[in-house]
Ligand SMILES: Cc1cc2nc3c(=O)[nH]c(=O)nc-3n(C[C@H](O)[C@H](O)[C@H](O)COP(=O)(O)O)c2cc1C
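Only one chain is given next, in C-alpha coordinates, and it is the form predicted on its own.
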Amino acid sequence: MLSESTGTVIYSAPMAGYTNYAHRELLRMFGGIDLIATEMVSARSFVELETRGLELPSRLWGVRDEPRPLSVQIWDNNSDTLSELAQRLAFEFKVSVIDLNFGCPAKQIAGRSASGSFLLQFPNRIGDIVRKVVDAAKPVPVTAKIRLGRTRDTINAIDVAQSIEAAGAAGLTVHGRTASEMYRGKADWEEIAAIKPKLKSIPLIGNGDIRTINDALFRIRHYPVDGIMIGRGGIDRPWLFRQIAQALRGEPVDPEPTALELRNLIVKHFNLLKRQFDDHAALILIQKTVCHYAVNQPVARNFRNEICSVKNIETFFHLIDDFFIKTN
(Lines give C-alpha, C1' and ligand atoms only; values in the text may rest on other atoms or scores of the structure.)
Protein backbone atom coordinates (compact mmCIF):
# COMPACT_ATOMS: atom_id res chain seq x y z
CA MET A 1 0.00 0.00 0.00
CA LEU A 2 2.33 2.73 -1.26
CA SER A 3 1.34 6.35 -0.82
CA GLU A 4 0.07 7.85 -4.06
CA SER A 5 1.24 11.33 -3.06
CA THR A 6 4.78 10.65 -1.78
CA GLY A 7 5.69 7.10 -2.84
CA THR A 8 6.58 6.34 0.79
CA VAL A 9 4.03 4.96 3.22
CA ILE A 10 3.53 6.41 6.68
CA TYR A 11 1.90 4.08 9.18
CA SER A 12 0.79 4.56 12.77
CA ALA A 13 1.94 1.85 15.17
CA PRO A 14 -0.35 -0.22 17.37
CA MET A 15 0.15 1.13 20.90
CA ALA A 16 -1.52 -0.65 23.81
CA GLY A 17 -3.47 1.79 25.96
CA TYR A 18 -3.25 4.58 23.41
CA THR A 19 -4.42 3.79 19.87
CA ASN A 20 -8.06 3.38 20.80
CA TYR A 21 -10.98 4.73 18.80
CA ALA A 22 -10.56 8.30 20.10
CA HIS A 23 -6.88 8.47 19.16
CA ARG A 24 -7.56 7.00 15.73
CA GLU A 25 -10.20 9.66 15.09
CA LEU A 26 -7.70 12.39 15.97
CA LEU A 27 -5.16 10.87 13.59
CA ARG A 28 -7.76 10.98 10.81
CA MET A 29 -8.52 14.60 11.66
CA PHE A 30 -4.86 15.59 11.25
CA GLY A 31 -4.25 13.34 8.25
CA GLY A 32 -0.99 12.34 6.61
CA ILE A 33 -1.26 8.62 7.49
CA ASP A 34 -1.61 5.90 4.88
CA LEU A 35 -2.65 3.21 7.37
CA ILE A 36 -3.96 3.61 10.92
CA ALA A 37 -3.66 0.73 13.40
CA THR A 38 -5.72 -0.36 16.38
CA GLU A 39 -4.28 -1.54 19.65
CA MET A 40 -3.14 -5.15 19.36
CA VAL A 41 -5.88 -7.68 20.10
CA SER A 42 -5.46 -11.01 21.86
CA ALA A 43 -6.84 -13.71 19.57
CA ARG A 44 -7.32 -16.07 22.50
CA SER A 45 -9.33 -13.51 24.47
CA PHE A 46 -11.52 -12.82 21.44
CA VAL A 47 -12.33 -16.49 20.91
CA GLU A 48 -12.94 -17.16 24.61
CA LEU A 49 -15.25 -14.18 25.01
CA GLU A 50 -17.22 -15.09 21.92
CA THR A 51 -17.53 -18.73 23.02
CA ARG A 52 -19.01 -17.59 26.33
CA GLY A 53 -21.34 -15.11 24.64
CA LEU A 54 -19.67 -12.12 26.31
CA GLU A 55 -18.87 -8.68 24.96
CA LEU A 56 -15.93 -8.68 22.58
CA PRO A 57 -12.61 -6.98 23.52
CA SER A 58 -12.86 -3.22 23.98
CA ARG A 59 -9.88 -2.83 21.65
CA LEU A 60 -12.23 -3.64 18.77
CA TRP A 61 -14.68 -0.92 19.79
CA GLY A 62 -15.55 1.23 16.77
CA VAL A 63 -13.73 -1.00 14.28
CA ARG A 64 -16.84 -2.17 12.44
CA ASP A 65 -17.95 1.32 11.45
CA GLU A 66 -14.97 3.66 11.43
CA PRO A 67 -13.37 4.84 8.17
CA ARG A 68 -10.91 2.76 6.21
CA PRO A 69 -8.11 1.98 5.62
CA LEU A 70 -7.66 0.38 9.02
CA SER A 71 -5.25 -2.28 10.27
CA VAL A 72 -5.97 -4.56 13.22
CA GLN A 73 -2.96 -6.16 14.89
CA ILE A 74 -3.50 -9.55 16.55
CA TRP A 75 -1.32 -11.80 18.68
CA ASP A 76 -1.12 -15.35 19.96
CA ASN A 77 1.06 -18.41 19.37
CA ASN A 78 -1.67 -20.71 18.08
CA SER A 79 -2.28 -20.59 14.33
CA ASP A 80 -5.83 -21.93 14.63
CA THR A 81 -6.84 -19.25 17.13
CA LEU A 82 -5.19 -16.50 15.08
CA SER A 83 -6.83 -17.79 11.89
CA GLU A 84 -10.26 -17.82 13.51
CA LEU A 85 -9.96 -14.18 14.53
CA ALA A 86 -8.38 -13.20 11.21
CA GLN A 87 -11.28 -14.71 9.31
CA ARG A 88 -13.78 -12.78 11.43
CA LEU A 89 -11.85 -9.54 10.97
CA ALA A 90 -11.69 -10.07 7.23
CA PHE A 91 -15.26 -11.06 6.49
CA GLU A 92 -17.35 -9.64 9.33
CA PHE A 93 -15.41 -6.55 10.41
CA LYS A 94 -14.10 -6.00 6.86
CA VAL A 95 -10.80 -4.48 7.98
CA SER A 96 -8.22 -3.37 5.43
CA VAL A 97 -5.17 -5.19 6.80
CA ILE A 98 -4.53 -7.85 9.44
CA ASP A 99 -1.15 -7.52 11.14
CA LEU A 100 0.50 -10.33 13.12
CA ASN A 101 2.58 -9.34 16.12
CA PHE A 102 5.88 -11.19 16.46
CA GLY A 103 7.71 -8.34 18.13
CA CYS A 104 6.10 -7.39 21.45
CA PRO A 105 8.70 -7.77 24.24
CA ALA A 106 6.30 -7.31 27.18
CA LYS A 107 6.65 -10.04 29.82
CA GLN A 108 2.95 -10.84 29.79
CA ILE A 109 3.06 -11.58 26.06
CA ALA A 110 6.62 -12.71 25.29
CA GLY A 111 7.01 -14.46 28.64
CA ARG A 112 3.88 -15.89 30.20
CA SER A 113 2.00 -16.26 26.90
CA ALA A 114 4.99 -17.39 24.80
CA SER A 115 3.87 -15.09 21.99
CA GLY A 116 5.10 -11.86 20.39
CA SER A 117 8.90 -11.67 20.36
CA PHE A 118 9.17 -15.11 22.01
CA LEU A 119 8.39 -16.61 18.61
CA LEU A 120 11.34 -14.91 16.90
CA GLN A 121 13.55 -17.86 17.83
CA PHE A 122 11.38 -20.07 15.61
CA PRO A 123 11.35 -18.61 12.05
CA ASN A 124 9.74 -21.73 10.56
CA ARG A 125 6.98 -21.69 13.14
CA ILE A 126 6.32 -18.03 12.36
CA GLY A 127 6.11 -18.95 8.69
CA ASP A 128 3.57 -21.67 9.43
CA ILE A 129 1.43 -19.23 11.42
CA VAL A 130 1.58 -16.59 8.70
CA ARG A 131 0.69 -19.10 5.99
CA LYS A 132 -2.40 -20.32 7.84
CA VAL A 133 -3.61 -16.80 8.66
CA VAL A 134 -3.06 -15.66 5.06
CA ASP A 135 -5.24 -18.53 3.84
CA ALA A 136 -7.95 -17.76 6.39
CA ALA A 137 -8.06 -14.02 5.65
CA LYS A 138 -7.90 -14.02 1.84
CA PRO A 139 -8.29 -11.65 0.07
CA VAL A 140 -7.51 -9.28 2.95
CA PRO A 141 -3.72 -8.73 3.12
CA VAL A 142 -1.82 -10.06 6.10
CA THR A 143 1.34 -8.32 7.32
CA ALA A 144 3.70 -8.93 10.21
CA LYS A 145 5.70 -6.89 12.68
CA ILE A 146 8.95 -8.17 14.19
CA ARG A 147 12.04 -7.07 16.07
CA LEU A 148 15.65 -7.73 15.10
CA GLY A 149 15.78 -10.84 17.27
CA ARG A 150 15.52 -11.94 20.87
CA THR A 151 18.94 -10.58 21.91
CA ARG A 152 21.90 -8.84 20.30
CA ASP A 153 23.69 -12.20 20.17
CA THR A 154 20.78 -13.88 18.38
CA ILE A 155 19.73 -11.35 15.73
CA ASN A 156 17.90 -13.32 13.06
CA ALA A 157 15.58 -10.79 11.45
CA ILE A 158 16.61 -11.79 7.93
CA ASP A 159 15.66 -15.44 8.51
CA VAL A 160 12.36 -14.42 10.07
CA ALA A 161 11.64 -11.91 7.30
CA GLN A 162 12.28 -14.46 4.57
CA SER A 163 10.04 -16.98 6.31
CA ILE A 164 7.26 -14.39 6.56
CA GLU A 165 7.58 -13.44 2.89
CA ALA A 166 7.63 -17.06 1.72
CA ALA A 167 4.44 -17.69 3.70
CA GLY A 168 2.55 -15.11 1.64
CA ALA A 169 2.59 -12.00 3.81
CA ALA A 170 1.89 -8.72 2.04
CA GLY A 171 4.34 -6.62 4.02
CA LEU A 172 6.77 -6.51 6.93
CA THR A 173 7.48 -3.95 9.65
CA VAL A 174 10.71 -4.19 11.62
CA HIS A 175 11.40 -2.39 14.89
CA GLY A 176 15.12 -1.70 15.15
CA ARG A 177 15.70 -3.15 18.61
CA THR A 178 15.92 -6.66 20.00
CA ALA A 179 13.34 -7.95 22.44
CA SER A 180 15.79 -7.85 25.34
CA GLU A 181 16.49 -4.17 24.67
CA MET A 182 12.81 -3.32 25.15
CA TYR A 183 12.82 0.45 24.40
CA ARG A 184 16.32 1.21 25.68
CA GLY A 185 19.14 2.61 23.59
CA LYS A 186 18.72 3.52 19.93
CA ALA A 187 16.88 1.70 17.19
CA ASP A 188 19.38 0.11 14.80
CA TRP A 189 18.34 1.16 11.31
CA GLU A 190 21.44 -0.41 9.77
CA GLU A 191 20.10 -3.80 10.80
CA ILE A 192 16.67 -2.89 9.40
CA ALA A 193 18.31 -1.86 6.10
CA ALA A 194 20.19 -5.16 5.88
CA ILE A 195 16.88 -6.98 5.50
CA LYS A 196 15.77 -5.19 2.32
CA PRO A 197 18.15 -6.93 -0.16
CA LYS A 198 17.05 -10.30 1.23
CA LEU A 199 13.38 -9.74 0.38
CA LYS A 200 12.05 -10.52 -3.07
CA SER A 201 9.04 -8.25 -3.37
CA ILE A 202 7.18 -7.32 -0.18
CA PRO A 203 7.56 -3.79 1.23
CA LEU A 204 9.77 -3.21 4.25
CA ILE A 205 8.58 -0.68 6.84
CA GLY A 206 11.06 0.68 9.37
CA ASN A 207 10.08 1.50 12.94
CA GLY A 208 11.87 3.02 15.91
CA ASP A 209 12.91 6.45 17.26
CA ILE A 210 10.94 8.63 14.82
CA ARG A 211 9.86 11.60 16.92
CA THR A 212 10.44 14.56 14.59
CA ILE A 213 10.11 15.51 10.93
CA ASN A 214 13.89 15.33 10.56
CA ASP A 215 13.97 11.86 12.13
CA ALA A 216 11.49 10.67 9.52
CA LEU A 217 13.12 12.35 6.51
CA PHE A 218 16.59 11.11 7.43
CA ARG A 219 15.47 7.49 7.69
CA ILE A 220 13.39 7.61 4.52
CA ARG A 221 16.25 9.17 2.52
CA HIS A 222 19.17 7.21 3.96
CA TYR A 223 17.78 3.69 4.36
CA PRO A 224 16.22 1.37 1.76
CA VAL A 225 12.78 1.18 3.35
CA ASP A 226 9.42 1.50 1.63
CA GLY A 227 7.91 3.38 4.51
CA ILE A 228 7.99 4.20 8.19
CA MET A 229 5.86 3.35 11.18
CA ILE A 230 5.61 5.83 14.04
CA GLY A 231 4.62 4.85 17.57
CA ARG A 232 5.51 6.97 20.59
CA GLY A 233 6.25 10.05 18.49
CA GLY A 234 2.68 9.99 17.23
CA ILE A 235 1.30 9.75 20.76
CA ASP A 236 3.19 12.88 21.79
CA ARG A 237 2.31 14.69 18.56
CA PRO A 238 -0.56 13.20 16.52
CA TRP A 239 -0.10 16.06 14.02
CA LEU A 240 3.43 14.78 13.24
CA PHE A 241 2.19 12.47 10.47
CA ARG A 242 0.70 15.38 8.55
CA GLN A 243 3.87 17.43 8.94
CA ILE A 244 5.98 14.56 7.58
CA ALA A 245 3.65 14.03 4.61
CA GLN A 246 3.81 17.76 3.84
CA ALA A 247 7.61 17.71 3.97
CA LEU A 248 7.78 14.69 1.67
CA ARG A 249 5.57 16.47 -0.86
CA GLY A 250 7.73 19.58 -0.68
CA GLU A 251 4.93 21.66 0.82
CA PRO A 252 5.16 24.20 3.65
CA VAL A 253 4.98 22.34 6.95
CA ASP A 254 2.30 23.31 9.45
CA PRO A 255 3.68 24.93 12.62
CA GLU A 256 3.41 23.24 15.99
CA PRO A 257 0.04 23.82 17.70
CA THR A 258 -0.30 26.82 19.96
CA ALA A 259 -1.09 26.33 23.64
CA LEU A 260 -4.72 27.23 22.97
CA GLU A 261 -4.91 24.74 20.10
CA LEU A 262 -3.50 22.06 22.40
CA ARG A 263 -6.11 22.88 25.02
CA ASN A 264 -8.87 22.54 22.42
CA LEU A 265 -7.35 19.28 21.19
CA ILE A 266 -7.50 17.89 24.73
CA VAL A 267 -11.19 18.79 24.98
CA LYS A 268 -11.89 17.10 21.66
CA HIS A 269 -9.89 14.02 22.66
CA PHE A 270 -11.80 13.73 25.94
CA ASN A 271 -15.16 14.01 24.19
CA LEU A 272 -14.12 11.28 21.76
CA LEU A 273 -13.10 9.05 24.65
CA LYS A 274 -16.54 9.53 26.21
CA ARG A 275 -18.12 7.89 23.17
CA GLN A 276 -16.60 4.62 24.35
CA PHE A 277 -15.83 5.02 28.06
CA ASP A 278 -17.60 6.32 31.16
CA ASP A 279 -16.41 9.57 32.73
CA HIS A 280 -14.04 7.89 35.16
CA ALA A 281 -12.30 5.74 32.55
CA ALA A 282 -12.18 8.64 30.09
CA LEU A 283 -10.54 10.86 32.73
CA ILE A 284 -7.83 8.28 33.42
CA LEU A 285 -7.07 7.89 29.72
CA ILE A 286 -7.00 11.62 28.97
CA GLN A 287 -4.72 12.26 31.97
CA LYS A 288 -2.18 9.86 30.49
CA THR A 289 -2.47 11.40 27.04
CA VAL A 290 -2.17 14.99 28.27
CA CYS A 291 1.19 14.11 29.78
CA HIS A 292 2.36 13.32 26.26
CA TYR A 293 0.88 16.47 24.74
CA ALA A 294 2.60 18.59 27.40
CA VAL A 295 6.02 16.98 27.08
CA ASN A 296 7.56 19.96 25.26
CA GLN A 297 5.72 22.64 27.20
CA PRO A 298 7.40 24.84 29.83
CA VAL A 299 7.36 23.51 33.43
CA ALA A 300 5.79 20.33 32.06
CA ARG A 301 7.09 18.05 34.83
CA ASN A 302 5.23 19.83 37.62
CA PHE A 303 2.13 20.04 35.48
CA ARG A 304 2.21 16.31 34.67
CA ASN A 305 2.52 15.41 38.34
CA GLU A 306 -0.41 17.64 39.21
CA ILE A 307 -2.69 16.60 36.36
CA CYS A 308 -2.23 12.89 37.10
CA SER A 309 -3.41 13.32 40.70
CA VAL A 310 -6.74 14.92 39.75
CA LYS A 311 -9.84 12.90 40.71
CA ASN A 312 -12.64 14.78 38.96
CA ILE A 313 -13.29 16.24 35.52
CA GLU A 314 -14.02 19.79 36.66
CA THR A 315 -10.67 20.12 38.43
CA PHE A 316 -8.92 18.48 35.48
CA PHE A 317 -10.15 21.07 33.01
CA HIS A 318 -9.49 23.90 35.44
CA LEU A 319 -5.84 22.83 35.51
CA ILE A 320 -5.81 22.42 31.74
CA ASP A 321 -7.05 25.99 31.27
CA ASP A 322 -4.54 27.33 33.78
CA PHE A 323 -1.65 25.57 32.09
CA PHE A 324 -2.44 25.95 28.41
CA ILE A 325 -4.14 29.34 28.43
CA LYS A 326 -3.17 31.45 31.43
CA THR A 327 0.51 30.45 31.61
CA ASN A 328 1.22 30.53 27.87
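The shown structure was predicted, so the numbers you read here are calculated from the model rather than taken from an experiment. Just count from 1 along the sequence shown to find any residue number.
FYI, the form predicted together with the named molecule isn't displayed, but the following is about it.
Trainee: Given that the named molecule is left out here, which of 36, 40, 43, 290 has a heavy atom within 4.5 Å of it in the predicted complex?
Mentor: Only one option qualifies, and that one is 40.
Trainee: Which listed residue (226, 181, 188, 209) meets the criterion of a heavy atom within 4.5 Å of the named molecule in the predicted complex?
Mentor: Checked against the cut-off, the match is 209.
Trainee: Determine which one of 135 to 143, 228 to 236, 193 to 201, 89 to 97 lies within 4.5 Å of the named molecule in the predicted complex, judging by heavy atom distances; exactly one does.
Mentor: Careful reading of the contacts points to 228 to 236.
Trainee: With the cut-off set at 4.5 Å between non-hydrogen atoms, does residue 115 touch the named molecule in the predicted complex?
Mentor: So residue 115 does not count as contacting the named molecule.
Trainee: If we define contact as a non-hydrogen atom of the residue within 4.5 angstroms of the partner, is residue 13 a contact of the named molecule in the predicted complex?
Mentor: Residue 13 belongs to the contact set for the named molecule.
Trainee: Taking heavy atoms only, is residue 71 within 4.5 angstroms of the named molecule in the predicted complex?
Mentor: Output for residue 71 is no: heavy atoms all beyond 4.5 Å of the named molecule.
Trainee: Mark residue 316 yes when one of its heavy atoms lies within 4.5 Å of a heavy atom of the named molecule in the predicted complex, and no otherwise.
Mentor: Looking in the predicted complex, residue contacts with the named molecule do not include residue 316, since no heavy atom lies within 4.5 Å.
Trainee: With the partner left out here, which residues of 152 to 170 have a non-hydrogen atom within 4.5 Å of the named molecule in the predicted complex?
Mentor: The stretch 152 to 170, when checked against the named molecule in the predicted complex, contributes no residue at the 4.5 Å heavy-atom cut-off.
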